[in-house]
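Single chain ahead, written as structure tokens, the form predicted alone.
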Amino acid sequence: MFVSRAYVPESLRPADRRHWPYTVPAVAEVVEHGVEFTRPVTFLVGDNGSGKSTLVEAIAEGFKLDARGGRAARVFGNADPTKTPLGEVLRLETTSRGAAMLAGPRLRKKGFFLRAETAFGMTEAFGGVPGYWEEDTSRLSHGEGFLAVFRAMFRDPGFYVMDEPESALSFTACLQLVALMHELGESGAQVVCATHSPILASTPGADIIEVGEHGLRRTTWADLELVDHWRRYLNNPEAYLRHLTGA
């Protein structure tokens, strides 16, 4: 592993926390207590607005991965020097491997930040560019393009951050990503992923942190609220739909 903890030093904690993102319970908890990473693959699972994307974006910035999505200090020509509000104050406690990688030459840094919001543009812009992926992803479907990115950029022991990578993936493609993340964890890489997907969250051996109004809590896949809702819906869609459609 490369990162063991994300935290905000006491000297950097804002005195006024009445504004976003510090009003988000998950962010407020990280500011006060930090969050530890105990396994090679970690999932932050929660609903829209829960703060999971805010957290993973700041974590990516802490490892010097470009905030717009991409690799260490190089994407879209140059790195984005602008940080998010949380990224400005969040710090990472690294392992010896993580410290060595961050201190080493830029080209030897192994890491990638995939954001659903910018990934579509990246798949079209970097197909065939040396150091990225060989496929002309502009000619592929979004899902096929995402998988090409995964196969090319998530293959060496490094620090990989993903924000809702399932957005363009089918059921079977999500299963392929599960296999890849498991393989990365077994190979010495570290993955931190924000997701809505019960499929991705089922990756064997992963640490699952549920994000919501309660803040952060570690749980198991079977006890995730997300999994419970999907199970109930698939078993009986009408129980949900009648409240929405009146049918």
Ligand SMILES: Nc1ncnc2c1ncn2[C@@H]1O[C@H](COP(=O)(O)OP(=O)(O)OP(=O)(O)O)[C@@H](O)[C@H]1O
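From 1 onward, residues are counted along the sequence shown. What you see is a predicted model; the values in this text were computed from it and never measured.
FYI, the form predicted in complex with the named molecule isn't displayed, but the following is about it.
Stretch-level contact check against the named molecule in the model of the complex with heavy atoms at 4.5 Å: of 32-40, 201-209, 176-184, 47-55, the positive one is 47-55.
The named molecule in the model of the complex is approached by H196, whose closest heavy atom lies within 4.5 angstroms of it. The named molecule in the model of the complex comes within 4.5 Å of no heavy atom belonging to Y233. The closest non-hydrogen atom of V24 lies within 4.5 Å of the named molecule in the model of the complex.
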